[in-house]
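Just the one chain here, the form predicted on its own, laid out as structure tokens.
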């Protein structure tokens, strides 16, 4: 597992007049599930890409277990909004992309965990959107990531399917305990899943509130709603990025 230390300055792209991301300073301990919430266009995906090493973090720094990203490689999982399955590969072949040496028994066990028993030989076009998302989650966890990044993975799904997958994600996280950063616009989702919620301001996103979610798991709708109302009463402008 990994500890992340973020000390980020304003992030600019060469063609942009406004920074894509503002200043963010946070330390994320091992195995913590962190939700990242903020208005559209605040740089949440940019932040994930910087943590993943897909974007440079200069002039700021990102440290993994106290050292630079380059010095401390870790097993990384990244679940995007779209499942990003290879359409010419079967479900099993897609799963092996991140864990090519995994045994057949482990493949079957993971398919059972995500409710896709007997679907290993199917192609993505034969699966519903929710089933494809299950494959993408299974693929990430089969690699046993130290750090798992999720970019609004359930945004395009109907509410019952999304709720089912949230429970599945939480169960897999509790089994493996990677460090998680989960981007969402849905505050209820963030409260249900996360140990801690980081709120970003309107663009360019900077950290305006760092709030621990001190609720026992599993968290029902009533507990989530009560905690949310208390938060919004204490910080009325937080969802608008103020």
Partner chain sequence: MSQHGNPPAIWSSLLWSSVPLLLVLAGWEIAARWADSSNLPGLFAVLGSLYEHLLEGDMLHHLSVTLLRVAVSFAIAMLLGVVIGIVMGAYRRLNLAGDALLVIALNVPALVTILLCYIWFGLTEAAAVTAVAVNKIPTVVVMVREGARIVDRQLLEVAQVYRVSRWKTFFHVYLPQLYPFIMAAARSGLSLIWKIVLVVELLGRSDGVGFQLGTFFHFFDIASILAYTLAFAIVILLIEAVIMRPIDRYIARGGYGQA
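These numbers were taken from a predicted model, which means no experiment stands behind them. Residue numbers count along the first chain shown, from 1.
Same protein, other form: the form predicted together with its partner chain, not shown, and the subject of what follows.
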Checklist entry - Which one, 167-175, 121-129, 150-158, 103-111, holds residues whose non-hydrogen atoms are within 4.5 Å of its partner chain in the predicted bound form? => result 121-129
Next on the checklist: Can you tell me if residue 41 lies within 4.5 angstroms of its partner chain in the predicted bound form, counting non-hydrogen atoms only?
Outcome noted: no
Checklist entry - Heavy atom to heavy atom, is residue 91 within 4.5 Å of its partner chain in the predicted bound form? => result no
Checklist entry - Closest heavy atom of residue 143 to its partner chain in the predicted bound form, within 4.5 Å or not? => result yes
Next on the checklist: How about residue 53 - does it come within 4.5 Å of its partner chain in the predicted bound form, if we only consider non-hydrogen atoms?
Outcome noted: yes
Checklist entry - Can you tell me which residues in 78-109 come within 4.5 angstroms of its partner chain in the predicted bound form, by heavy atoms? => result 78, 80, 84, 85, 86, 87, 88, 89, 96, 97, 98, 100
